[in-house]
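Only one chain is shown below, in structure tokens, and it's the form predicted alone.
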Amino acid sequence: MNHEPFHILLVEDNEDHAEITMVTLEENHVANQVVWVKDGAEALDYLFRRGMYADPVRHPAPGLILLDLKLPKVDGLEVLKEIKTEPALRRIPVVMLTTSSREEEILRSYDLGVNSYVTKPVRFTELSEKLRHICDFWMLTNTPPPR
């Protein structure tokens, strides 16, 4: 299935995890643009087009959000809540991509409307493989809502 160019918002405070994610996405040619933000406040600025992210041409709406749970400034659950309660954003698929496998965090994420919850494995090769599966599904298999 062929979709229009895909933009990904990566919300990740760990530089190593962000680097692995971006390298995997680049190697698999799955996105037109990947924007990496390092905390929840910056993610909300991007999504709500505030400050340096005000220009929608330079900072297009993402077709997928990869969201870490444990973030500085505003945590991932609060970011998710803001996304899923905003009519202009709530249809954007959000994948919680985190090291936490705590049941209460998984349940809370789904209660807030996360589309998928994926735990990050420790090994690079396993994380890279999971990222490939995520991208295959959300960018190749899934039919996104019309914009």
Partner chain sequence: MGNAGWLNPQSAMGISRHLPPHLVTGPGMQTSGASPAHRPVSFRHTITCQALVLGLLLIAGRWVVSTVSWRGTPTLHVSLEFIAGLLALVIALGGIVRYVAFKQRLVLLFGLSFMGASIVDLLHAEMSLRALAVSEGPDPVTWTAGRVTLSLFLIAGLLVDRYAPHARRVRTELLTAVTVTVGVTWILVLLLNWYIQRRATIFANMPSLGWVSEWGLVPVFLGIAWGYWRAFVRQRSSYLDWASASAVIFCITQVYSATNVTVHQFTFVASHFLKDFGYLIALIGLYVESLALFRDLEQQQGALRQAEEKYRSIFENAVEGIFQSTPDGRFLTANPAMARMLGYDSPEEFITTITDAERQLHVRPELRQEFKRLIEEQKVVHEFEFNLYRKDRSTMWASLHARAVRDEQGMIRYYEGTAEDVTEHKRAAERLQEAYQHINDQNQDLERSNRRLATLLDVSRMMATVHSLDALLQSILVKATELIPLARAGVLMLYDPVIDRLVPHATIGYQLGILSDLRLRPGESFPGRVFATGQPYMSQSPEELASTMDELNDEQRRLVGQAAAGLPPSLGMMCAPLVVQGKPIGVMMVNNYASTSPFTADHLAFFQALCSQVATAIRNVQLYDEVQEYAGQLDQKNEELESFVYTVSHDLRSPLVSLHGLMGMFVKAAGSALDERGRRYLARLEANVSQMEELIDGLLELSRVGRMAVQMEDLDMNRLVGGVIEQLRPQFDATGIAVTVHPLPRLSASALQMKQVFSNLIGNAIKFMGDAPDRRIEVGGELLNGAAQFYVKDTGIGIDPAYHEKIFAIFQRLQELEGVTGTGVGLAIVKKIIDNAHGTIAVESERGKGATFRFTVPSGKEAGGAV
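Remember, predicted model here, so these are calculated numbers, not experimental data. Residue numbers count along the first chain shown, from 1.
The next section is about a form of this same protein that is not shown, the form predicted in complex with its partner chain.
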property: Which of 33 to 41, 79 to 87, 49 to 57, 102 to 110 lines the interface with its partner chain in the model of the complex (heavy atom within 4.5 Å); result: 102 to 110
property: is_contact(residue 119, its partner chain) in the model of the complex, heavy atom dist at most 4.5 Å; result: yes
property: Non-hydrogen atom contact residue 133 with its partner chain in the model of the complex at 4.5 angstroms; result: no
property: Distance check, residue 27 to its partner chain in the model of the complex, heavy atom within 4.5 Å; result: yes
